[in-house]
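Next up: the same protein chain in two forms, each one alone, written as structure tokens (structure 1, then structure 2).
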Structure 1
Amino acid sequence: MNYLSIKNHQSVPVDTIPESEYHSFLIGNIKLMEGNVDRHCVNYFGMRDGKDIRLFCCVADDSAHTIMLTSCRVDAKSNLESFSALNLNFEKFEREIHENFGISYSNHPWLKPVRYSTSRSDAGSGMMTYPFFGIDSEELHEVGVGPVHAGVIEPGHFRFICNGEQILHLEIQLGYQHRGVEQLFLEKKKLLQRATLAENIAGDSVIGHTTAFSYLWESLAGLEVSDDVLFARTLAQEIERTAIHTGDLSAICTDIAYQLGSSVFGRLRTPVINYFQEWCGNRLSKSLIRPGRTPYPYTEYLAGRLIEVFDAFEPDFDEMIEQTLKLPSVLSRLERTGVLTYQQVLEIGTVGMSARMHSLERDIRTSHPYGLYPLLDHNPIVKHHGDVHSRARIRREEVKQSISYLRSLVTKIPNETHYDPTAISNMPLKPDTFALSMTEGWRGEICHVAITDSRGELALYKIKDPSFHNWLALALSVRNNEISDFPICNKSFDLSYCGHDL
């Protein structure tokens, strides 16, 4: 099958992406991934093109550092063979295509709503008619959790089928927020509005998503950015990773009633996120990353403060994590809990930490590098047991790795380059162009895709948070665990409701 190979953050004319009839499109993409663990689907979506739906499939080759693009046109009333019946990596992408355009699949294994988004083709379907899987038995019972949760997390419903305390099946129902974020990218015309949208896709991944948007916009505008911009983005991503991983270690300790670990890791997270407030005036780093420029230039003073923060952070972190991960009472809850096998990781197509927890090295910082990561000689942290313990250990080692990167980066701060914000905001985008941008958020692979029309206006904006790949991993990991282990399994993945509910 013909395909077009591009690099990360590259834009190409839409008409250069090969187009084939559907059966060839299906078989060709399946064969691209067959037997090759270095290849996975980073995006598969449709857009309206006249009376037809044009499908675009984007398969990454991590060893070759390329993304292979193919396309196909189908009628919206089509009943198609399913990619998912041959490769489960595609199951959620096809469910979204079905939900958005009404395209049906003759042999999809689980053709259910992905989210009850504003763009669904069947406006009559809703939360109250969600088709939950059920088992009839006098010995089994169902347990519902959510959609309203304690605390401040977003809504999501979890439906368990249990035999006593043992979980046999978990089904996760999302889509409560109806935000219409992708459509807003088309409706909002100002660059600042779109950048603000990007940093609100997922509140704990502000840097990851806004960086992906910025690279994408720069590719469409033909703008090369200077080293100080790349420096700020790389630095900010590793600070965000450190803060969230530390907070998640606190939450894991909370869920196993280890109060000391919960308190100490929670305290340690605070000065890291507060550092963003010193840098840009916002603890969640909003307004820090902008296309084409750095609104808050990095200074020697900020570098000194960063070293002070981590000089105080590291001794306490090292002591607490060592004690936490050697306590028998902690290990009894972490080890062999919430296990996913290597084969399941491959079949689902997990990304980020949810892939690296079981021998699958999937990290955009290495496979499709950007920013200053090539200079850091990044090596992904990989574990081999696929359990809560592996996910906790990845967090520990990634925190240490990120701090070492940060200490190295601030020894040589690039000179500030002055940009005209008004000129950047008014730069036209290339017409009839396809662009793709990936970053490695702390959860894993973030992918943004944009397509412009003949006037250079956005005709499509497609967002994929790593949670889109990984929610099924959580559902499978809790099988045969006791229901009391669900909170720790859930927190060990720490997936995003809002990143999914676009």
Structure 2
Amino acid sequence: MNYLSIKNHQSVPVDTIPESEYHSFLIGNIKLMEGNVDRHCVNYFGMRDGKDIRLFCCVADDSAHTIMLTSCRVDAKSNLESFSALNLNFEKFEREIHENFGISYSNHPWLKPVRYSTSRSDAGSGMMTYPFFGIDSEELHEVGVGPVHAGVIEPGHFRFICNGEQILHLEIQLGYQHRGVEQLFLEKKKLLQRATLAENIAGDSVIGHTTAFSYLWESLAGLEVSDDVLFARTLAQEIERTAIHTGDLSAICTDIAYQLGSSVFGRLRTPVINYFQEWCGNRLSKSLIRPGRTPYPYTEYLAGRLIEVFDAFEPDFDEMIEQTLKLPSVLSRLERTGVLTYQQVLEIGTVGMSARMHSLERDIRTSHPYGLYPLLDHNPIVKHHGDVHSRARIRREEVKQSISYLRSLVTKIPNETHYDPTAISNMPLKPDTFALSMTEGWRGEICHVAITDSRGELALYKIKDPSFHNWLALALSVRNNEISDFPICNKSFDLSYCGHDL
């Protein structure tokens, strides 16, 4: 099978992506990944093309820093052999293709709805008809939680099958948050509207998603941005990572009833997100990242403030995290809880922290570098036990690492460039072009793909939040744990509902 190799943020004419017949498309892609831990599927989706569905598969090679593109044309009524039966990485992607186009698979292990999108082929199905896995047993019982949960969080339904207090199986039903984001990307024509959509994909990953969109749009418009834009994006991404990781450490402490840790990490997050407000007027950094430009120039004053903020933050953070991770009562809740084996991590194809928690160096900042990351010489932080403790320790070290990047970045502030927002907004996009953009958000790999039509209008916009891969990891990690440990397992992954449901 032929494939086309591209780099992150590259765009290519759609017709240069090789098309193969389904069987060789399937075997070819499986072979590409077989026995190679540096390769995983970053996106696999369908697009209507006349009467057919054209499937596009994007497999990233982390060591070669390339993405291998292939495609295949199938009939919507086909019944296909599934990729997932041979490689579980494709499990969710095939379910999505099934849900959106009605393509059926003869040997998919778990062909269930993904999010009940408005464009689904089976309009008769809905949230209330989700086919949960059930068990016919006198001894076992089921526990249903959600969509509305105890805390102030997003909706999703968790269905546990338990033996007493022990979880045997967890199934997660998502889709409640479906807002039709991908379709709106096509319908909203103004660049500012699309940027607004991008920052609303997941409001806790504003930088990650808006940056992915911006690089993608720039690639399609053939626009090279200057250093001040790259600088702002890189800096903002590491601030976002620091803020959310700190907040997550607070939430983990909350869930094990360690009040001091919960309060201190919670309050430590405040100056970091307030810093975003100082820079761009919004605590969650909405409005900071825009395609083609940077609306809020970075100044020496802001650099000085950043140093002040983190000079105050670091001693408090260090003291608190050190104390937290040495308390026996904390460790006994975190260690060996919510474990995923190395094999499972590989099979699922998890990304971000959920891969790095188990010896897998999956990190777009090194594997498909962009922005100023090449200058930072980034080294992914990796742990080896795949438990809540590993995920907490990754956060601790990533916070420290990000702060060191921030400190080094602000020593060299690039000169400000002048931009004309109106001229940028009116730039045409290349016609009949495919573009792919990945960034490493705090959760992990974010991947956006766009395809334009012959007039240069968006014909497809595809968003993949890291949670799309990682929800299954959560479901499997809680098996054989006590149900009372579910909250910390959940928090330690901290996955996105809206980023998944779109």
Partner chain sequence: MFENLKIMYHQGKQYIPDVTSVEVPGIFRGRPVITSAPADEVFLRDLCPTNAISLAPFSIDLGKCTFCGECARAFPDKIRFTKEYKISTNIRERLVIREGDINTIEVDSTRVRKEIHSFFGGSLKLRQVSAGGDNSVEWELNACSNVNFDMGRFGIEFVASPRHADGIVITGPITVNMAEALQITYDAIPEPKIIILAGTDAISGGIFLDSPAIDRRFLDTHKPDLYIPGNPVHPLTFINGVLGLIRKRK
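Residues are numbered by position in structure 1's sequence, first residue being 1. Rigid core (definition): largest C-alpha set, two forms, superposition within 1.5 Å. Keep in mind it's a predicted model, so treat the numbers as computed, not measured.
Name the structure that matches the description of the form predicted in complex with its partner chain. Looking at both copies of the chain, structure 2 is the one that matches the description.
Once you overlay the rigid core, does the Cα of Pro328 travel 2 Å or further between structure 1 and structure 2? Shift at Pro328: below 2 Å after core fit.
For Gly151, decide whether the Cα shift between structure 1 and structure 2 is 2 Å or greater, given a superposition on the rigid core. It does, since the Gly151 C-alpha is displaced 2 Å or more between structure 1 and structure 2 after the core fit.
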